[in-house]
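Just one chain follows, in the form predicted alone, and it is written as structure tokens.
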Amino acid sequence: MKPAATESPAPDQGAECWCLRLYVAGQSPRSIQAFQNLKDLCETHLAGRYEIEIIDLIENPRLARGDQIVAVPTLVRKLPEPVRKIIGDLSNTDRVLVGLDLRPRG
């Protein structure tokens, strides 16, 4: 996991692209776990339709202001709109899926 790294598999033609930004604080265990959980979730539910940008706030603290980040790790769904935020290591898959609107609440 590198700061401001982008990971994007080849998008499917005509498929909606999900732009996700993960804010982390260095190589902490929670940051690494959040990235792995996000990657696994995307491969399972958004295969070929996602792009992940990693923002390391230790190296770029000013970048937190744009998305109003108050805790890390934080996932921000930029696209599709509306923007959504999920705080934590993303280990609760059901909560993350509901938060991203990939699964209906209920």
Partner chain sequence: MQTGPQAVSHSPGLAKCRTGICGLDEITEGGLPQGRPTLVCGAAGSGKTLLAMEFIVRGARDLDEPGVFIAFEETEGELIANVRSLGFDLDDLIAQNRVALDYVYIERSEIEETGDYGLDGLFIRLGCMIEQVGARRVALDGVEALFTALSSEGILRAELRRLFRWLKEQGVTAVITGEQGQGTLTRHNLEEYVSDCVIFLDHRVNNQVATRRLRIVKYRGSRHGTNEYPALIDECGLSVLPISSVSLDHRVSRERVSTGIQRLDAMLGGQGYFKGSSVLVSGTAGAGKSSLAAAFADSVCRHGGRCLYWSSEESSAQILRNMSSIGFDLGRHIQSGLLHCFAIRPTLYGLENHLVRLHKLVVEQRPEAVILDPITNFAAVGDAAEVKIMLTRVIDFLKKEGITALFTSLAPGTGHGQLEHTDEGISTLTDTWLLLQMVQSAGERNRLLYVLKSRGMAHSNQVRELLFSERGIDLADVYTGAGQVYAGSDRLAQQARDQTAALAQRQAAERRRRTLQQKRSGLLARIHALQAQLDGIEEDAALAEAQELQRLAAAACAEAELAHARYAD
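Predicted, not measured: the structure shown is a model, and the values here were computed from it. Residue numbers count along the first chain shown, from 1.
Although it is not shown, the form predicted together with its partner chain is what the next lines describe.
A.B. asks: Should A71 be classed as touching its partner chain in the model of the complex when contacts are defined as heavy atoms within 4.5 Å?
C.D. replies: Output for A71 is yes: heavy atoms within 4.5 Å of its partner chain.
A.B. asks: Can any non-hydrogen atom of H45 be found within 4.5 angstroms of its partner chain in the model of the complex?
C.D. replies: Output for H45 is no: heavy atoms all beyond 4.5 Å of its partner chain.
A.B. asks: Is there any non-hydrogen atom of R30 lying within 4.5 Å of its partner chain in the model of the complex?
C.D. replies: Yes, contact at 4.5 Å.
A.B. asks: Just checking whether L79 would be counted as a contact of its partner chain in the model of the complex - the rule being heavy atoms within 4.5 angstroms.
C.D. replies: No, L79 is distant from the partner.
A.B. asks: Taking heavy atoms and a 4.5 Å limit, what residues of 71 to 90 are near its partner chain in the model of the complex?
C.D. replies: If the 4.5 Å heavy-atom criterion is applied to its partner chain in the model of the complex, 71 to 90 yields A71, V72, P73, R84, K85, I86, I87, G88, D89, L90.
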